[in-house]
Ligand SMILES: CC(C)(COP(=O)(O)OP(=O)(O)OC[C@H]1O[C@@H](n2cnc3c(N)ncnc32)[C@H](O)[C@@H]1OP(=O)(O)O)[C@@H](O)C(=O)NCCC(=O)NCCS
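A single chain, nothing else alongside it, follows as structure tokens in the form predicted on its own.
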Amino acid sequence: MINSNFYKKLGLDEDLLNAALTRFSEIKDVCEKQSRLLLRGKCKGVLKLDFISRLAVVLYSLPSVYLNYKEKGIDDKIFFDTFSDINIWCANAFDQYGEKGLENIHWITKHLSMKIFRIGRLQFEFSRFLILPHAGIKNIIRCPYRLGEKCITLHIPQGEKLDNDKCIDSLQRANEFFKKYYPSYKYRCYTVITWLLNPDFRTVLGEDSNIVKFANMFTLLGYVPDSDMNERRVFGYKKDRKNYSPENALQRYTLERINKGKPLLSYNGFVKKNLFNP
């Protein structure tokens, strides 16, 4: 087992980290069993545990994942940047449920099984190309990618501005990363499903907005109602809807749709990998 200094690099609150380290010393047998499953992408057993125990199992698993990174030659910065997501989701769990630990084990399991990496501002996940409803038949016909073909899906970690230069830098570095460490994984595009691609934002936020600049990189291909996640991203977990007091154009737009009974939407977009060759 790696000492606590290893885990401190994740940025976890010290009390939370100590509680989780204590817990995995108390349930070592459970951690050993569930860790083997998590590393293979299976988290059903961990879902039966409380939030602190889930975090304990994840922390118990990290030294093995770290060795896997080392075997591939992936540097420490990408490892610790990738697993800084644990800190984000522990904070979300406390905001949403008032309970310390980790709730969203499904998501972190992807990190443990090395299906997601954070490279700079963005996260990158091995994925398959999909088309959401309402894409439009003409758009589907014109789309240069096949349903189900290999691609890389982007995710946008919370907590930082969506700086356009940093996003482009991430995409350029991702090209280099997958070429170097996963040369047999052939893909032609990056995709994303997010509320940030909403075309209404061009009017609501203006063309100089970081969100709009990010969205302008992608070609849209369908959308789905995603009201709960949209609302949480705009207003946060703790706030009661009846007490919403919009402070900016994005919150005013979101609350107006909520009050009118209109769904909040997330959009699918794609962009050619070759646009980001270094």
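One rule holds for the numbers: they count along the sequence shown, beginning at 1. Given the structure is predicted, the values throughout are model-derived calculations rather than measurements.
Beyond what is shown, the protein has a form predicted in complex with the ligand; the following relates to that form.
Legend entry - Non-hydrogen atom contact residue 160 with the ligand in the model of the complex at 4.5 angstroms: Yes, contact at 4.5 Å.
Legend entry - Any non-hydrogen atom of residue 205 within 4.5 angstroms of the ligand in the model of the complex: Yes, contact at 4.5 Å.
Inset, instruction - Spell out, yes or no, whether the shortest heavy atom distance between residue 196 and the ligand in the model of the complex is within 4.5 Å. - result: Because a heavy atom of residue 196 falls inside 4.5 Å of the ligand in the model of the complex, the answer is yes.
Legend entry - Proximity of residue 156 to the ligand in the model of the complex, heavy atoms at 4.5 Å: Although the ligand is absent here, residue 156 would touch it in the model of the complex, with heavy atoms inside 4.5 Å.
Legend entry - Candidate from 219, 209, 227, 68 lying within 4.5 Å of the ligand in the model of the complex - any heavy atom: Selected residue: 209.
Legend entry - Stretch in contact in the model of the complex with the ligand, which is absent here, among 49 to 57, 36 to 44, 23 to 31, 229 to 237 (heavy atoms within 4.5 Å): Result for this chain: 229 to 237.
Legend entry - Residues in 228 to 261 with any heavy atom within 4.5 Å of the ligand in the model of the complex: Heavy-atom contacts within 4.5 Å come from 233, 234, 248, 250, 251.
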